[in-house]
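A single chain comes next, written as structure tokens; it is the form predicted on its own.
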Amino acid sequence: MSEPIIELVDLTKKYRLFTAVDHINLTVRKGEIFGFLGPNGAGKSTTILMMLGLTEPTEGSVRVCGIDPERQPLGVKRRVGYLPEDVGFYDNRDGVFNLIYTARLNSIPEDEAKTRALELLQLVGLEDAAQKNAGQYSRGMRQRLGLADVLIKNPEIAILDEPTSGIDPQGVKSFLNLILKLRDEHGLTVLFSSHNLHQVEEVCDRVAIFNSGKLQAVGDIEALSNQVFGESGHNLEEIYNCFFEGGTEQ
């Protein structure tokens, strides 16, 4: 079994009387694709923000690559790449420029940055669009450029927040295959936060189901099926419906 790379212990975030994250205990292992699943307001995004050191826990602790993001946020940022749902680029500059710019922000030397940018554009299937301005990219192309942007600093963990939102089915398939390739060939740990049950089931090794700030269940599909139904063989949609009374968000 792989070593833990993310550890949350009694993690809690309160905003006055509202509890956004309620005493969550969770471990993500190195080299796995781990899914965060749940409706809007379930606590997924707030948990991610605490992992990144962008908001402070009210109670409990976070360790990412052995680092406390509250005390050493820059240390976490050097090891973790984050792809938000809406990626921002310089739309009047090409893909290579955007990646090199991010590399500069991460103190990567110019020659190395250009070489790595071109390699990553090929990896994500954008080599033919390398000289095209980002403003001309489709939604799927922007997400692939965003993934290259995450990878430019060679992170240990990639956190992807709704990365396939608004992408056509073929683009989704390509993006998910790329995530699997990054895990299998490069050992990348991926945290995949999504509303889409089928995509989570397709690529994730294990899943955490959130609701109202609480962690409802954690495990692979077989373990969750056994936990909920007392038998294996049930899919993620059936499992999810048991927690949310038939309402799935796609």
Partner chain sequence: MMNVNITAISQKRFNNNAKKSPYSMSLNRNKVQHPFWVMVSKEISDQVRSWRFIILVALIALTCLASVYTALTQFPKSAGAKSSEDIFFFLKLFTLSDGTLPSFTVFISFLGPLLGLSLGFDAINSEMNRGTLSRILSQPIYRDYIINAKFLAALSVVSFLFVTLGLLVVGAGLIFLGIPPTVDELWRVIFFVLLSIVYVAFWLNLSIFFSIIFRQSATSALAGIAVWIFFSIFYNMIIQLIAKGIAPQQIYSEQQAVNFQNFVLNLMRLNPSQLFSDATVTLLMPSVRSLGALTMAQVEGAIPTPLPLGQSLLMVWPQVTGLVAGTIVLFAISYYLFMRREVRSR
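C-alpha atoms forming the largest set that superposes within 1.5 Å between two forms make up the rigid core. Residue numbers count along the first chain shown, from 1. Small disclaimer: the values here were computed from a predicted structure and weren't measured.
Keep in mind that the form predicted in complex with the partner chain is missing from the display, and what follows is about it.
Student: 204, 234 and 244: each with a heavy atom within 4.5 Å of the partner chain in the predicted complex?
Tutor: No residue of the spot touches the partner chain in the predicted complex.
Student: Counting only non-hydrogen atoms and a 4.5 angstroms cut-off, does residue 132 reach the partner chain in the predicted complex?
Tutor: Residue 132: no, not in contact with the partner chain in the predicted complex.
Student: Is it the case that residue 128, even though its partner is missing from this view, gets within 4.5 Å of the partner chain in the predicted complex, heavy atoms only?
Tutor: Judged by the heavy-atom cut-off of 4.5 Å, residue 128 is well away from the partner chain in the predicted complex.
Student: Looking in the predicted complex, any heavy atom of residue 184 within 4.5 Å of the partner chain?
Tutor: No, residue 184 is distant from the partner.
Student: How about residue 140: is it within 4.5 Å of the partner chain in the predicted complex, going by heavy atoms?
Tutor: Residue 140: no, not in contact with the partner chain in the predicted complex.
Student: Which single stretch, out of 195-203, 220-228, 42-50, 62-70, brings residue heavy atoms within 4.5 Å of the partner chain in the predicted complex?
Tutor: Only one stretch passes the 4.5 Å heavy-atom test: 42-50.
Student: Which residues from 101-118 come close to the partner chain in the predicted complex, meaning a heavy atom within 4.5 Å?
Tutor: 101, 102, 104, 105, 106, 107, 108, 109, 110, 111, 112, 115, 116, in sequence order.
Student: Rigid core fitted, then: does residue 161 show a CA shift of 2 angstroms or greater between the shown form and the other one?
Tutor: False for residue 161: its C-alpha shift is below 2 Å.
Student: If the two forms are fitted on the core, does residue 79 show a Cα displacement reaching 2 angstroms between the shown form and the other one?
Tutor: No, the C-alpha position differs by under 2 Å between the shown form and the other one.
Student: Take the rigid core as the frame of reference and indicate whether the C-alpha of residue 100 shifts by 2 Å or more between the shown form and the other one.
Tutor: No, the C-alpha position differs by under 2 Å between the shown form and the other one.
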